[in-house]
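Shown below, as structure tokens, is a lone chain in the form predicted on its own; questions about how it binds or moves come after it.
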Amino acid sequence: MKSIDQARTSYLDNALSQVWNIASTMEKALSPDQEEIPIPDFIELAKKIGSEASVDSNIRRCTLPMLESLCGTCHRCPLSETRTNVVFGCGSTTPLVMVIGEGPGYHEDQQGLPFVGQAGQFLDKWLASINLSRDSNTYICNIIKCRPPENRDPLENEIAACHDYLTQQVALLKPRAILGLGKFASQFLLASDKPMGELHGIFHIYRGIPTICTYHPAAVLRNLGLKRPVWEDLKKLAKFLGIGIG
């Protein structure tokens, strides 16, 4: 049985294809000699429209400060009972890049800010190496806004509970590119269950925005052998943005 999202996507794909057919028929009647253009694949567009339509209407009307305030009182999942602070996000509100990680850790939960621990310091160095900074041209957040107990992996229901917040953040910030960090963020952004080894370093599209994923800074701290692929991924991002390497 199809999920509601799958059914919505299928319906929209069908509708868009029918509109294309009607427009093509009319155009053919007006210009018989014009070469016929095949029907495009509307699946990705249908997914985007369907996903946007499913966002809570109260959230969809929010400005960024309103969204942060709403998120700060959220009780959509059990993590609200164990958090110290909601970790909404921080950085430039007109970013070149939006960095999206997995979830807050201990230090983030204590301070209410993303990536402020050892992994965050490491991330700041990565960004500086390609002339990016959370102080000037980068916005940083996570796919979930509350810390899972003992820093365990986020659960599906927790990711789903935060989905609307992240969707509206992206819509409001309109970054030129997204950098996804770690397995859970990457699999969520790319709608894939492939391992990081297959997902990193390749540009995809998330909500109409070019998206590249790489390993999480915490994973690299545990395995320094990952520094090389991360650097290659960052260079690809810098090249796409047309910025120099620091």
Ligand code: URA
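Numbering starts at 1 and runs along the sequence shown. Note that this is a predicted model, so its numbers are computed, not measured.
One more form of this protein, predicted together with the named molecule, exists but is not displayed; see below.
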Given that the partner is absent here, does E108 sit within 4.5 Å of the named molecule in the predicted complex, heavy atoms only? yes
When the contact criterion is heavy atoms within 4.5 Å, does H216 count as touching the named molecule in the predicted complex? yes
So in the predicted complex, does G91 come within 4.5 Å of the named molecule, heavy atom to heavy atom? no
Please tell me whether any heavy atom belonging to P175 falls inside 4.5 Å of a heavy atom of the named molecule, as the geometry stands in the predicted complex. no
Heavy atoms, 4.5 Å, the named molecule in the predicted complex: which of 125-133, 74-82, 166-174, 112-120 makes the cut? Say which one. 112-120
Stretch 139-167: residues contacting the named molecule in the predicted complex, 4.5 Å heavy atom cut-off: N142
